[in-house]
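For this one, two forms of the same chain are given in structure tokens, first as structure 1 and then as structure 2.
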Structure 1
């Protein structure tokens, strides 16, 4: 079952095409990596999916609904959550209180709320840190906590922008396991923008390569690795899209 369908999605900034007729489908519970050189149009694409930008043309269908003209708030309410590179947390609140704020709007009973918070904290490996202030967490833990806030809000689609940037090797490995758990066991659909090709390989997800605003290649890691044109892109082919 497809959760997200994108048809001929394009975005132009003052005549410059940042994305050009992108077509993509994401199934329920599928993780997808989007890679490509700087300026390839990766962030523009997920910004159109999340509602931070509106497309110049094309159609976005989410969970069977045409959301092309939905604003950011409507898309959040439908279950689309986006995590930016820099976590946005309530630093003076505890880890538990941060997650608690994310579940409030779901009208849970007190028992259901506490159960949801505990489940989320265990998923993101921060149950033992639930009583510490968010500003005392490591960089990797802060990234996990923000993912936890989205999970607490019952998202169906997670958009993650370079989630492992600045992480230690151990934190990166843990993040790989977390994303695979969320997609494989919790049935969340996840799109990851990532530059760390080692992380992409270990994640084992399908890969979409963008270049000059277009889909350049798709497939598993082995397929992408053996594509000589993809290798040339990463060796420094000039970009004209910003």
Structure 2
């Protein structure tokens, strides 16, 4: 059964159609990459799923429930978590306190709480930095910490908006492993928006290409790479018709 089903989802901003009848399904434990040139409507799509924006028309079903009219908080409590394009953290609190704030929503016992925090910190490779304020972390570490906030929050679906932006090559590789680990072992569903085509290839997930608010192509990396039109709009083929 699909965890997330999107049916004919559209969003228009004062007449500009940012998303046009998007249909998509995501299974439990599945990772999906959304790529597309600037202005393709990627962030708009994620915002409608997370509840930061409301759709103009269309239906979103999550875990068998129609959540189209649920607000942000209600959706988070059902298990949809979102990482923003620029890391959004509690800058003046320590890494530990950051994760703690996401974990305490679950009403755990003290023992469970500490175990969950430690587990999350190890997963995002920030256990050694746990007493450091979040604003002293490197850019890549901040991205991980924000993913950690979603894990600590016990979400089922992670929406990651450019998780590798500003990362070094090593950090990008570690992020690929982390995402694969989350979808593979932890059985979480993940939607990733990315620009870094090497990352998309390494991740090996199914890819959805958005262009001008519409789904332009879908498939695995080699299908997408060999799609002539995708090359034209996105990868920048040399023989683009002017």
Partner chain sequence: MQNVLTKISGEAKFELLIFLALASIPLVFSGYILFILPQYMLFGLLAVSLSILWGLTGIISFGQAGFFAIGAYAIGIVVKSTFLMNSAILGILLGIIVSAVIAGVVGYFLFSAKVKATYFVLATLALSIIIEQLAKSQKEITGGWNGLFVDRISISFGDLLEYSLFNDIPMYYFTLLLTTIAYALIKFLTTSNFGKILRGIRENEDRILALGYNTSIYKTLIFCVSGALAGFAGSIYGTHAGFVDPSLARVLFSTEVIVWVAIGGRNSIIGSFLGGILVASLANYLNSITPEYWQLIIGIVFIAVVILFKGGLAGGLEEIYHRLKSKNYVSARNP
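This one's a predicted model, so the numbers in the text were calculated from it and none came from an experiment. Residue numbers count along the first chain shown, from 1. Between two forms, the rigid core is the largest collection of C-alphas that superpose within 1.5 Å.
Annotation: structure 2 represents the form predicted together with its partner chain, while structure 1 represents the other form.
Comparing between the two structures on a rigid core frame, one finds that residue 92 has its C-alpha moved by 2.8 Å.
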